[in-house]
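Here you'll find one protein chain in two forms, each presented separately as structure tokens under the names structure 1 and structure 2.
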Structure 1
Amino acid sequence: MNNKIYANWFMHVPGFGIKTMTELLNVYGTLENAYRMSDKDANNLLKKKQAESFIYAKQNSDPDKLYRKLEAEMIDIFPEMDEEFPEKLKKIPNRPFAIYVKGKMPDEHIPSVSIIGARMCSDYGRYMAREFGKELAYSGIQIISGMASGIDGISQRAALSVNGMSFGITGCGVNVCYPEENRDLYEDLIDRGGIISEYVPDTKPKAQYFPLRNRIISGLSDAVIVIEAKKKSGTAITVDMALEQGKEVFALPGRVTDRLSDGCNGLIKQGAYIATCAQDIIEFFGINDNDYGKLSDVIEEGNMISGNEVEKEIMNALNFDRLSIADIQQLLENRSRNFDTKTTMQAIVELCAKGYLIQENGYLRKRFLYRK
């Protein structure tokens, strides 16, 4: 208990990382002793700035009080010397000195997979993230991700939607929801999974925190799946961390011309595992008893809808990109189906009304449909 109280206090002092803390522990044995060192010792032992903030913090804050606040907010802290500190994180280079958890910690005996990818993803990526999140969580795998908009949040939402377990690693304190649009996910994760961060609970998000938290995402996972990523991205950082930590990396192959698949295709070129369906990963972990079919069977083709000739033609011509009406007309013309503009428009409105097409920011795209 003492460890938690003082670890929390040290976490609040700026400039104290894993390196300093290890040194202090070598000298003083326990955190409490380190906390009680004299100002003179602090000045001798620590760098000038560290000593200053240490002395200042000692005068201005009380470890017990800080810890009571933590308890009141239902936040747990795990210092790295504790037994509860995740075994997986102990192994990674530059591990955090302590982590804060709101909700639960991932179960170390159950496989964990992180599903990561671009924030601005395509509809294809959105769909894949949803499918992988759902299927993996359904087979009992814990989904770990960064709770960001795009792939991260979508896969986590999907995992929760089938009552799976999911954990969000944030680049801010666990009391802060970032991005704000994922507030629902944030609250669900606290209820049914956990929010984990190496920053003190009320830390506001900062750009430099996010690349750092990526090492925890990969660190807590057994495998990393990249759904969709550009060549240079935060996802690439996570993958680098994962490889450094010796984790398995899976990538979804994409079209060569798709800039959003460049990252994935690049990884495959370098020897990453190819994942074309959730089953690939489930098999990798040796989890059987699964009656889920391959994803490719699930996507329904346009020819199954009811509608007149023009409507069917439109559904056949469309893919999952966002298009304008003029684009669709052009597409039909390219397929030598020259309906006049009025007819096309009528069919489009009809398809929208039927729910086969949906509008996004004024553009249209095909909606994903399930056979089941």
Structure 2
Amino acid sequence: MNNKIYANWFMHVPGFGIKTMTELLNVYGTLENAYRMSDKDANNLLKKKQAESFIYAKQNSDPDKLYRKLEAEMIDIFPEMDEEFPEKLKKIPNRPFAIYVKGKMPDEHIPSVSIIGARMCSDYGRYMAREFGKELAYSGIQIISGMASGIDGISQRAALSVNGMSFGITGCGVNVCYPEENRDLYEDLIDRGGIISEYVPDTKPKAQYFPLRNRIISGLSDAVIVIEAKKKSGTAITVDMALEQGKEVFALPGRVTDRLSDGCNGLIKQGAYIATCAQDIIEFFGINDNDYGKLSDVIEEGNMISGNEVEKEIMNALNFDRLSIADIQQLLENRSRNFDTKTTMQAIVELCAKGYLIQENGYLRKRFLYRK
């Protein structure tokens, strides 16, 4: 317990990182002993600014009071020397000195993957993030991501929708929800997974924090899956860190003309595994189909809608491509659904009005809908 109390206190002192704390532990043996060092020793052992920060903090904050505040907010802290600190994080370069957790930590005996990608993703990316998230989670794989808008949040919501486990790694305090639009996801992750951060509670999100937190996303994962990403993007930072940590990288292939697939296609050219479906990842972990059955047997598909027979047939026949009305009529005929053109037209108008179809320059495409 003392390690947690004093680790939390040192985390609040500016300028103290894993290197400094390791040096202090080598000298004093415990964090409590390091806390009790004299001002004179602080000036001798620490850099000037660190010594000033340490002396100021001792005069103005109490370790027990700070820790009671953590307990009141149901936040736990796991310092690097704690036996509960994740073994996976102990092995990464520039590991954090401590992590804060609201909820639970991932079970290190269960496979974990991070699903990452563009915030401003396409319908293709949204659909595939959902498919990977729900199927991997249903197979028992833990989903780790950054709780961001786009691919991250979609995959995590999908995992939770099948009662899977998911964990959000944040670039702010664990008691700060960012982005605010993902408040529902944040609350669900606390209840059915966890929120993890190396930043002290109440820390506001800053741009420079997010690239650093990516090493924890990949560090806690056994493999990284990139769903959609531009050639130069924040996703590439996580991939680089994953490779540095020796993690396997999977990428979803996309059209060569699609800029949102440039990053994934580039990774595949460089040797990343191709992930065309969740089964590719499931087989990588050696999970047998019989271990989890068929997902479609137990949950409703996300793109099923209420409507008449013609509307359902149109939605089931369409994919991501833009099609003309004549193309849609031909698709229906190929599926042995011989509705007359007038009936098809009426159904298309109704689907557009409901928001299930999108019109673009005289063509139609499917809008995929997702349950939260």
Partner chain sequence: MFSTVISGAVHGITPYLMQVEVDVSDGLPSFNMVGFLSGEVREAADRVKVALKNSGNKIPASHITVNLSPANIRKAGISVDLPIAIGILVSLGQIEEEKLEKTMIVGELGLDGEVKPVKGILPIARQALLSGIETIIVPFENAKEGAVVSKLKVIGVKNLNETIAYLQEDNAHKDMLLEPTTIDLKRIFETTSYEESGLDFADINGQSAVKRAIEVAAAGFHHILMIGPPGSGKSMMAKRIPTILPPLSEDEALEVSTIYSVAGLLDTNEPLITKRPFLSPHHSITETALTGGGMVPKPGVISRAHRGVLFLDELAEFRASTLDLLRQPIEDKSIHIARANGTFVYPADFQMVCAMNACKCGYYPDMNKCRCTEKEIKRYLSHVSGPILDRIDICIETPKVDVADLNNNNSLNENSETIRNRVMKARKIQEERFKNTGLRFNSDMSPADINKYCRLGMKEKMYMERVFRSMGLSARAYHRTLRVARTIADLEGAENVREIHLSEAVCYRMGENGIYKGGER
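No experiment lies behind these values; they were computed from the predicted model shown. Structure 1 provides the reference sequence; residues are numbered from 1 along it. Whichever C-alpha set is largest while still superposing within 1.5 Å between the two forms counts as the rigid core.
Remark: the form predicted together with its partner chain is the source of structure 1; structure 2 originates elsewhere. Core-superposed comparison between structure 1 and structure 2: the C-alpha position of L70 differs by less than 2 Å. Core-superposed comparison between structure 1 and structure 2: CA of I18 displaced by less than 2 Å. Summarising the core-aligned comparison between structure 1 and structure 2, the C-alpha atom of N361 is found to shift 15.2 Å.
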